[in-house]
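Before any questions on binding or motion, here is one chain by itself as structure tokens, the form predicted alone.
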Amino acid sequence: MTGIKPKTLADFDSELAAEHIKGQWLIDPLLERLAGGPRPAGQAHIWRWRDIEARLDEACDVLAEGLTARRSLALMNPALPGGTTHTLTAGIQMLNPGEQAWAHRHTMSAIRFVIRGGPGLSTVVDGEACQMDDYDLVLTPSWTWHDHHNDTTGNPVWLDALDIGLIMSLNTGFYETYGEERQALRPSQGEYLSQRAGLVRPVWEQRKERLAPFRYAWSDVEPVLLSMADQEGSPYDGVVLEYVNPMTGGPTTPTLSCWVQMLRPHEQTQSHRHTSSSIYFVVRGEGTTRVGDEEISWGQHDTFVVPNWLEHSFRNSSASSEAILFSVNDIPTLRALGLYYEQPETSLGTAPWPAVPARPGTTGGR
């Protein structure tokens, strides 16, 4: 016994803090909060098309020239400091007739889903002009040069979605302007990387798997979706298709996956939750999505968000027409890190392929 009064735990904690050290006994209570899974980041919310369209029209007056400021309205989750989800940010962008949005690139991957487009509207990605018709999806992958051009007499509009929250949380953000308002185009269609993303490709070239420009034409996508109306589909999402990277067969980009989803007349899905977050855009139809204890009613061209780890289900309100939703999520990132979970079960990629029809007089086989 020295006769010296022993220091208290609080005193010890203060001394450690002065040396930028923290005892595990202070961290354990924080870890205990994780019991039962993550707390959802943000809240369910819907942005009505009628409100967005009116604000875009106002923005055309306030920001008269698209060359100096992109006329895009970012959709901010009311329960987050920034972003539509904690990893993704969506916005709605409009151009005036004859405008262009200047060329630049950044480490954020971005997708463009066209709400109102047509011949004369294009996004140029690494020198490749991608036409933007109604409901087309155009990719501007990470660190690709891109600029938008409106050579129409109207005001085209599209949905942007980027992995801003993810990239900024990893502190890996880069941004660079092209130096000119418009980037140079490739001299011929034969040089387009997207020409190498179909059924055939040059045998003398290396295979490019990432960062390739690509346009998914709605005229190609919609017939495939409608042709699957008689399939069982997902119990949680209805008939839902993933936009596949044509170079790899994998997700749309390494960090983002885009889906198109059909809810058949009066279809009601089961409820589930997953560690991924999603942003939805209503292509057509009317319905409701229950997210946690909240029910969101949506109609054509509305945009809504489902945060991570919140129970949700979908219902088509119509007894005669299908509802179609486009969505973007962060599943590829979570899967790459081994952090994608679902409850009550894993539903992605678990059903078998359609069976080969049995030969007459047999019951099938291998």
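Because the structure is a prediction, the values reported are computed rather than measured. Residue numbers run from 1 along the displayed sequence.
Keep in mind that the form predicted together with a small molecule is not shown, yet the notes after this line are about it.
A.B. asks: Only one of H104, R290, R201, H86 has a non-hydrogen atom within 4.5 angstroms of the small molecule in the model of the complex; which is it?
C.D. replies: Among H104, R290, R201, H86, a heavy atom within 4.5 Å of the small molecule in the model of the complex occurs only for H104.
A.B. asks: Which one of Q93, N77, S142, S276 is close to the small molecule in the model of the complex, taking close to mean a heavy atom within 4.5 Å?
C.D. replies: Of the candidates Q93, N77, S142, S276, Q93 is the one lying within 4.5 Å of the small molecule in the model of the complex.
A.B. asks: Given a 4.5 Å cut-off on heavy atoms, tell me which of 218-226, 257-265, 155-163, 235-243 is the interface stretch with the small molecule in the model of the complex.
C.D. replies: Partner-contacting stretch among the options: 155-163.
A.B. asks: I'd like to know if Q100 sits close to the small molecule in the model of the complex, meaning any non-hydrogen atom pair within 4.5 angstroms.
C.D. replies: Residue-level check for Q100: no, no contact with the small molecule.
A.B. asks: Check whether S72 has any heavy atom within 4.5 Å of a heavy atom of the small molecule in the model of the complex, and answer yes or no.
C.D. replies: Because a heavy atom of S72 falls inside 4.5 Å of the small molecule in the model of the complex, the answer is yes.
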